[in-house]
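Heads up, the chain below is alone and in the form predicted alone; it's given as structure tokens.
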């Protein structure tokens, strides 16, 4: 399959993605836009792409089949809107927008223009997360007793001088950069909770730390993220018959199921970004059913994050 991408943004995540994306047969990056043209030119040289002076020109390159947005959080909405209004399918990095209101507006434009929109939540385009969901559905560990899903990385420590992470006008903080993975993981397995109780530690109006309890009736899920300490990353699901553990769950290559019958390890070593882009291209081309990472799920996860921010006091301009 031949599929040509436009890249909006050429930072670190774009570089990681591009390196894997082009391993998909037939996939190429044909157009590029970045706010700093020199960075776009350096990136484009690697992939033999055309650099454009504006995002609109890059999007409207006639060769482009789909647009990938890899810019900072506060710009996702405006770039995605530009793509949809110009009838270009768009895959936008997480979090797809700053709040639910922005996302619903994008969905409205997507429907009006009959143009594809998807959030780049790579975790759920890949086999490990979906194997965990299968184990839960099959009740391999029986009735769920507890869930602990945490994602912590000391971004604040080594990026304190970089304003994006500590700036509410740029949608900074732990929740939108890391917590979106924890919230999404629990949501994809168990749906929306009956209630949420959240607390956090703020700095300059953003959350260095957020800690929530999701109430699911028969059990509680602990969902947490922070950018000021290295505590670790895992999802541990305990049930009456056993336990599922997923280390490094957002980019997992392994999930472990332990029951009285023994231990089962599921591994997947395929390139995670490459898989995501291959699947999305097949969706856009109508080659397979568009079923992973639905917009409805993105809306409900955004609603959960809006509620967490409301409880801990983080306010963005889009609110």
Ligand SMILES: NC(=O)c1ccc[n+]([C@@H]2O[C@H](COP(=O)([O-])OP(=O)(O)OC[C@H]3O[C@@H](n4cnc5c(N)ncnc54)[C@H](OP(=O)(O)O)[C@@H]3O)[C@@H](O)[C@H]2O)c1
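In this text, all values refer to a predicted model and were calculated from it rather than measured experimentally. Numbering follows the first chain given and starts at 1.
As for the form predicted in complex with this ligand, it is not shown, yet the points below apply to it.
### The unique member of 110, 100, 224, 73 whose heavy atoms fall within 4.5 Å of this ligand in the predicted complex
Among 110, 100, 224, 73, a heavy atom within 4.5 Å of this ligand in the predicted complex occurs only for 73.
### Message
Within 4.5 Å, heavy atoms only, which of 238, 199, 170, 81 is in contact with this ligand in the predicted complex?
### Response
When this ligand is considered in the predicted complex, the option within 4.5 Å is 170.
### Task
Considering this ligand in the predicted complex, find the one stretch among 127 to 135, 92 to 100, 215 to 223, 199 to 207 with heavy atoms no farther than 4.5 Å from it.
Every other range fails; the passing one is 92 to 100.
### Message
Can you tell me if residue 13 lies within 4.5 angstroms of this ligand in the predicted complex, counting non-hydrogen atoms only?
### Response
Residue 13: yes, in contact with this ligand in the predicted complex.
### Task
Would you check, heavy atoms only and a 4.5 Å threshold, whether residue 164 touches this ligand in the predicted complex?
Contact with this ligand, yes.
#### Entry: Close approach of residue 273 to this ligand in the predicted complex, 4.5 Å, heavy atom
Because a heavy atom of residue 273 falls inside 4.5 Å of this ligand in the predicted complex, the answer is yes.
### Task
Report whether the minimum heavy atom distance between residue 181 and this ligand in the predicted complex is within 4.5 Å.
Yes, residue 181 lies within 4.5 Å of this ligand in the predicted complex.
### Task
Any residue of 39 to 63 with a heavy atom within 4.5 Å of this ligand in the predicted complex counts; write them all down in order.
Heavy-atom contacts within 4.5 Å come from 39 alone.
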